[in-house]
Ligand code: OGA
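Given next, in structure tokens, is a single chain: the form predicted on its own.
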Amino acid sequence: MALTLRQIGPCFAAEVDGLDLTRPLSADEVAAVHAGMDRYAVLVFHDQKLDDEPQLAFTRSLGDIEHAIGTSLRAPDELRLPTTFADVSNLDKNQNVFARDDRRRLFGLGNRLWHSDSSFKVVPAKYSILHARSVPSKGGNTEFAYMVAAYDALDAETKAEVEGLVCEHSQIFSRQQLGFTDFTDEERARFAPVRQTLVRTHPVTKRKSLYLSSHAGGIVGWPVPEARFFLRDLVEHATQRQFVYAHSWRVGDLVMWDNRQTMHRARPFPAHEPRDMRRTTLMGDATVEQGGPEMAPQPPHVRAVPAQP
């Protein structure tokens, strides 16, 4: 069966037919997946009966894997999955649903904010590849916002204003928005802010996009309140309905997205029901050199320290 792509979102996102991801892909098929990502930014593969190894093999066929080390509040002895996977489920290592007040669950609620994966890392993510192993009875959709169209829709004055700006990203910033400030000193140091450009240019299409995320808590050289207000306005602009595709999950769906061109967020679902979602991630490229002028001042409970390259 020939590979086919059918657009399903308002201006991006496509459904893919003709690929069985349980088997190795040919060089032509790998090239077609990359071309599809360049064009649509989000690709949906239905009915993929994968376990961990085929998902890893598919991911590795596309590039270098990003390991999920030190990015959540799960201690090393609490991990359910190897570090080749980002565990975005609500399950502990014994496959039990987290208690409603478990700090690991509360930290994970930050995934319901609009964000770009690993923007809080010096080297952010390229592709994210998420496979549904179990889904709740209702809710739990994932929404994607197309940041290329959002940039194109900016007026000329705003395009000039965002050009060259550099933001500071940290998971502490995103969790602050939910009122989560329960971090240890080690976690605060681990989540120290890093810098990312506010505008990115795609290396293949050469189209520009906004690089936004709930992790962005400041703009270098700007007062913090003004920066956060400006970023909030940009997020509101970029997540208008005409830029958003909402994916309703079913078991076996594999969805991959380009973090350089999109933001996404998970939607709520019943807290007592399992949602087993396993994400593999491809490493991207650094957007700026770290260091330089001091980070913008942060509230005392953030206790930001300079990012290390």
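Predicted model, so just to flag it, every value in this text is computed and none were measured. Sequential numbering from 1, following the sequence displayed.
Only in words, not in the display: the form predicted together with this ligand, which the text now covers.
Student: Taking this ligand as it sits in the predicted bound form, is Leu130 in contact with it (heavy atom to heavy atom, 4.5 Å or less)?
Tutor: Taking the distances in the predicted bound form, the answer for Leu130 is yes, it comes within 4.5 Å of this ligand.
Student: Hey, in the predicted bound form, does Glu168 get a heavy atom within 4.5 angstroms of this ligand?
Tutor: No, Glu168 is distant from the partner.
Student: Val88 near this ligand in the predicted bound form, any heavy atom under 4.5 Å?
Tutor: Taking the distances in the predicted bound form, the answer for Val88 is yes, it comes within 4.5 Å of this ligand.
Student: Arg200 versus this ligand, in the predicted bound form: is there a non-hydrogen atom within 4.5 Å?
Tutor: It does not: once this ligand is placed as it appears in the predicted bound form, Arg200 has no heavy atom within 4.5 Å of it.
Student: With the distance limit set at 4.5 angstroms and only heavy atoms considered, check whether Asn141, His264 and Arg279 all reach this ligand in the predicted bound form.
Tutor: The answer is yes; Asn141, His264 and Arg279 each reach this ligand.
Student: I need the one stretch from 57-65, 264-272, 40-48, 26-34 whose residues put non-hydrogen atoms within 4.5 angstroms of this ligand in the predicted bound form.
Tutor: Correct option: 264-272.
Student: Using a 4.5 Å cut on heavy atoms, which of Thr84, Asn111, Thr239, Gln176 is close to this ligand in the predicted bound form?
Tutor: For this set of options, the contacting one is Asn111.
Student: Using the arrangement in the predicted bound form, list in sequence order the residues of 105-119 with any heavy atom within 4.5 angstroms of this ligand.
Tutor: If the 4.5 Å heavy-atom criterion is applied to this ligand in the predicted bound form, 105-119 yields Asn111, His115, Asp117.
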